[in-house]
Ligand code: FUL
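Below you will find one chain, with nothing else, as C-alpha cells; this is the form predicted on its own, and questions on how it binds or moves follow later.
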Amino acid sequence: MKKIFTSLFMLGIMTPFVSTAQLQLEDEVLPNPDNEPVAVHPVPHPRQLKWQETEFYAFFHYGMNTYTGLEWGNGDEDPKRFAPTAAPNPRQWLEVAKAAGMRGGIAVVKHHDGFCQWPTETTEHNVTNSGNEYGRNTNIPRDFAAAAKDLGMKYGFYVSPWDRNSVHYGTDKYVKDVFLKQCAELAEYGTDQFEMWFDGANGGSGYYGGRNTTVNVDRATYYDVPNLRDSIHKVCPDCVMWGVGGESRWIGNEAGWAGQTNWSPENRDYSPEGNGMYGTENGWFWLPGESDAKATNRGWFYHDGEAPLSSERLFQMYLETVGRNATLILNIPPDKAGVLPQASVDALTGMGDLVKARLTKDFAPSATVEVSETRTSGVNRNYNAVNMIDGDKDTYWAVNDGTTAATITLMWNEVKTIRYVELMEYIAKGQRVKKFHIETTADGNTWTRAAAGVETTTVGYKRIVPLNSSTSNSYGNGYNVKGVRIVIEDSKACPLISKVGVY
C-alpha cells in the first residue's frame, strides 16, 4: 500500500510540470507517415499468419491402430502388435503430399491408445517394445522431421492428450509427468514445427493401466494449456496449437468443407459442430479454421479394402476449404508396410495435377486494373491497384478511411477463357469484407453478374469463386470475357486486398 501511495504522490507533484500538449493525448494523432490503415481487431499472431499460408497439408494416421484394425484403441494393446512388415517410410508420405500440391504434413505419433511412435521416457507403451526389428527401430517424429526439412516442407505432430493406456490419466501426475513431457520431447525434434495437433481429449472409457474404468476430464483446465503453449512456443516459436491448444479451430464436420461465409474471428464459447464452419463476424479473438478430411473411403487409419476418393472429389474439397478462408489437412493413411498405397498415390498425384492445371495460369497480371478509389500514399508505402497483381503478399490495394464499398475492374485487350476468380485480403490488419459480387463482360461494355449461386460474403485469407457457381463441377467450358469486375458492397472498414487472381 505504501508503494501505491508513493506513486500517486509522485504523480501529483509531477503533474504541474507536464505541458498542456502532453496532457491532451486523446486529442493527438499518433505519427503515421505511411498512412497505414488502422487494424480491425482481432488480428492474427504472426505464427497464425505463417500457419494460414501453409493452406493445404497432409495428415498421416499411422500407429497401433494400423495393425489392430481399430480407429480408437482401448490402451490395452500389446506393444508387440505394432509390427510393420517393412521399415516405415515417412519420406515417401511427404513426397506424395508434395506431388499433390501440399506444403507440409502432420504425423500422428500418439493416438488415444497411448502408444508412442518414438523412444519416450514417459511410458513403456512405445516402439522400443514392438514386435519386430522394423518396429523397434521406428522413430516417426525423427524421420518425419528430417524428411520434411530435406523436401522443404512444413511439419508437425499429432499427440493425443487423452491416453487410454496410462494408469495416471485423470490425475495431475499424468499432465506433469506424461503429457507435458511428451510434448517437450516432440518439440526437440525440430524448432521449426508449424503445428501441434491436440484432439478432443475429454476422456472416456479405457484400460488405464488395468483400472478398466471411465475417466472424464474438463479439457479446458485439465491439460494446463497456458503452460503448454508457453513451453512449446519457447522452443518452437511458429508452432500453432490446434484444438485444445486454442490457436486454430476445428471446422467441425470432417467432410472437407467450410462455410461460404467464414470468419476467422470467434468467441471462446462457440460450438465447433454448430459454428466451426462459419466463425463469428464480431468474435473477440482470432481463431482461423482448419478442415480435417479423409482422402479414403474408410477410417482415419488404414483398413484392408479401402479405396481413395477420386481426384475430382479431392479437388472439390480444396475449393470448399482453401477456397473459403480455411486450411485443408487431408488424411492419407500409410499401410502395414508403413507406406502410402499406390491407389492413394495415384489419386493424390491426380489431384495435384488438377490444382496445377486449373489454378496456376493467372490472367490477372496481364490485365489493366482500374479501381474506384485509391488510398493516399505514405512516405514509404503506396496502396495502388497494381499491388493486387504484383505477386507480393506484403503489398495491398486500399481505399481511404470511411470507405466501405469499392470496385476493382480488370480488362484485357483479347478475350480470355476463365473459370475462377481468387481474392485475398491483407488479414494482418484483420478480416474486413462482408459482402461482394463478381461481374464479367464479353464485349467490354455490357456487364453480367457471375457466380450468382455463390454466397459472396466473406473473403478472408483466400476466397476462390467458381464462376459457374459449382464446386462439384467447377471446371466446365469456362466463360469468354474481356473483363472482370469485383464489386465490394460492404466491409467492416476500408477493404484491403492483397491479391486478385483470374484463372
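Quick note: we count residues from 1 along the sequence shown, nothing fancier. Fair warning: this is a prediction, and the values are worked out from it, not measured in the lab.
Missing here is the form predicted together with the named molecule; even so, the following discussion is about that form.
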query	finding
Contact label in the predicted complex: residue 292 to the named molecule, heavy atom within 4.5 Å	yes
Distance check, residue 390 to the named molecule in the predicted complex, heavy atom within 4.5 Å	no
Residue 408, heavy atom within 4.5 angstroms of the named molecule in the predicted complex	no
Non-hydrogen atom contact residue 125 with the named molecule in the predicted complex at 4.5 angstroms	no
Proximity to the named molecule in the predicted complex, single hit among 153, 225, 369, 201 (heavy atom within 4.5 Å)	201
In the predicted complex, the residue from 197, 169, 179, 144 that sits within 4.5 Å of the named molecule by heavy atoms	197
One stretch from 461-469, 31-39, 65-73, 436-444 that, in the predicted complex, holds residues within 4.5 Å of the named molecule by heavy atom	65-73
Residues from 111-145 in contact with the named molecule (non-hydrogen atom within 4.5 Å) in the predicted complex	111, 112
